[in-house]
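One chain is shown next in structure tokens, namely the form predicted on its own.
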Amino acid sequence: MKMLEDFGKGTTALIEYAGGVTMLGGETVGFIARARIRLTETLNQAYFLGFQSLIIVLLTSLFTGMVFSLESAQQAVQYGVGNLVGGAVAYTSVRELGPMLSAVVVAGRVGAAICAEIGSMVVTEQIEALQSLGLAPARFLVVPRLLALIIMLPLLTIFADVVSIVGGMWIAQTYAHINPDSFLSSARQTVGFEDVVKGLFKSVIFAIIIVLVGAYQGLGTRGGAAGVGQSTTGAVVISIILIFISNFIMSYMLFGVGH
């Protein structure tokens, strides 16, 4: 019976959490639809959340593309299909690795920052002060961050795709002696504009997940500084789990059977 009771409590908590995030998202979208946007704050958040994440995203993507090319290039040459390596690297980078790895890296940095900042405001009663003045926390805190990351994460993904392919090309040339022209020709033949657009669509969904989970965790912070730490850890873990789950669902819908 205790197992059933625990299962029931867990299910209820999960539904409540999903409902809370959905309500926060709905309120945020409502402000955006009514053009209740703080432009200056949105630009500041775009710099902080996006531009300052650029280096770590580029490094992650560069070495991932290099590793993938290193693992595949020599084997491909041995089997006489070295001309397919460029397409394989570009295919995996544009469809999967670029959007998902960028989102995971950004979730670790940005999701934690959003949650910690909002959680600290909750603990120091700044959120209550906003509400007492009749100001909605969703408009002042969530809207600028959501718009900023929806714009910046796809841009980061484009840079990640390019760097990953270039790194893979360099490794393929250096260790498997695959001509760069052959590598790029294979990449162009394998990956179309539609694949790039679908990868960027994924990154938009990932941006929404990161911001809403981080903000919701921050707004739910209780218990002082220790509570901020727990909320921040939860925000990162939940965001990354949801990124992987949603990536599978979107991959199946966008690239699965019949595509």
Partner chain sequence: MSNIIAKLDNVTMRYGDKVILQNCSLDVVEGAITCIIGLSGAGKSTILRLLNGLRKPDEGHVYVKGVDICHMPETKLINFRSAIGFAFQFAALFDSMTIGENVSLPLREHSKMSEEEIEKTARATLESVGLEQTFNSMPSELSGGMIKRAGFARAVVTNPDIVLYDEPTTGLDPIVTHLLTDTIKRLRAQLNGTAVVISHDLQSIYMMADYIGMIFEGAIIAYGTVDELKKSMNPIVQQFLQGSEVGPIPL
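Numbering follows the first chain given and starts at 1. Remember, it's a predicted structure, so these values are computed and weren't measured experimentally.
A second form of this protein, the form predicted in complex with its partner chain, is not displayed here; the remarks below concern that form.
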Q. Which of Met121, Leu101, Val166, Leu84 has a heavy atom within 4.5 Å of its partner chain in the predicted bound form?
A. Met121
Q: Identify, from the list Gln173, Ser185, Gln131, Gln75, the residue with a heavy atom within 4.5 Å of its partner chain in the predicted bound form.
A: Gln131
Q: Please check if Asp181 has a heavy atom lying within 4.5 Å of any heavy atom of its partner chain in the predicted bound form.
A: no
Q. Taking the shortest heavy atom distance, is Arg139 within 4.5 Å of its partner chain in the predicted bound form?
A. yes
Q: State yes or no: in the predicted bound form, is some non-hydrogen atom of Gln189 no more than 4.5 angstroms from a non-hydrogen atom of its partner chain?
A: no
Q) Looking in the predicted bound form, any heavy atom of Leu135 within 4.5 Å of its partner chain? A) yes
Q.
Within 4.5 angstroms, counting heavy atoms, which one of the listed stretches 123 to 131, 147 to 155, 173 to 181, 90 to 98 is next to its partner chain in the predicted bound form?
A. 123 to 131
